[in-house]
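Listed next as structure tokens is one chain, alone, in the form predicted alone.
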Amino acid sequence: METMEFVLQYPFGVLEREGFPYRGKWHEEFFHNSNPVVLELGCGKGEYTVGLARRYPDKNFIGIDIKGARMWTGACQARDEGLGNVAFLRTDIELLDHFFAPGEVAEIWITFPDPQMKKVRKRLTGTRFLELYRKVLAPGGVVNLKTDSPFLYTYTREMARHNGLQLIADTSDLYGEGHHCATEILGIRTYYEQQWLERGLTIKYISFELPGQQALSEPEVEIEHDTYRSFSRGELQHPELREAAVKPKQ
């Protein structure tokens, strides 16, 4: 990936040693346009980053992940398709404000993160991370969460309600028959998402505006933990699927 100019690799040691040249200059010196900058956090293989870039050539998309082997797939697709509105940034999400100046980001996508049911400080929709996001989001900036986790979806919805955040969309079954939220954008499906859908799991989606000044606090609610984490992530959501999942091969 070091040969791809649109892939920037800045783990903490490199950032501390060299600094980052594009903070506050993404429009002028990297993308060379004034189009909105949209981030995908924990982008994995970059399916959303690349998929959105294809649909919206008038926006700039940056996939962020610490695992270089994951983003290799999306980086190759962007290179092979000649997508000039795509970048990949290999670093920790916790360092976000070292790479983007205040107001430099228009929108954030969080797609299928670990729900971190036992570690609130690591939840990507918890107050710790929301405070980080609004350091870089423009006024009226939007946060989108797409998840297979009932726990994380419920937690994020309660977080928004508790703090009076303006909901833009909210559904516990994105692809349910006739659901108005299932737009072309939300129809971009990651590899694992497609697997979960084929196993009968529902996909949840919530989107909200994140104001710049309002104090944020954690919701004081008890939320039932997921009774599943699909195959590689534990148990399944539905008992009948759980039984099938552990059935020995013939």
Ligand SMILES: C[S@@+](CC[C@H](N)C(=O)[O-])C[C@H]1O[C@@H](n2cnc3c(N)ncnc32)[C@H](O)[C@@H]1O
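Residues carry their position along the shown sequence, with the first being 1. These numbers were taken from a predicted model, which means no experiment stands behind them.
FYI, the form predicted together with this ligand isn't displayed, but the following is about it.
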query: Residue contact check: H32 to this ligand in the model of the complex, 4.5 Å heavy atom; finding: no
query: Interface membership of T190, this ligand in the model of the complex, 4.5 Å heavy atom rule; finding: yes
query: Non-hydrogen atom contact L83 with this ligand in the model of the complex at 4.5 angstroms; finding: no
query: Partner proximity in the model of the complex: G44 to this ligand, non-hydrogen atom cutoff 4.5 Å; finding: yes
query: Contact residue in the model of the complex, from N144, S149, T125, T91 (heavy atom within 4.5 Å of this ligand); finding: T91
query: One residue of F112, Y155, F100, Y133 in contact with this ligand, assessed in the model of the complex (non-hydrogen atom, 4.5 angstroms); finding: F112
query: Stretch in contact, per heavy atom within 4.5 angstroms of this ligand in the model of the complex, of 22-30, 199-207, 214-222, 62-70; finding: 62-70
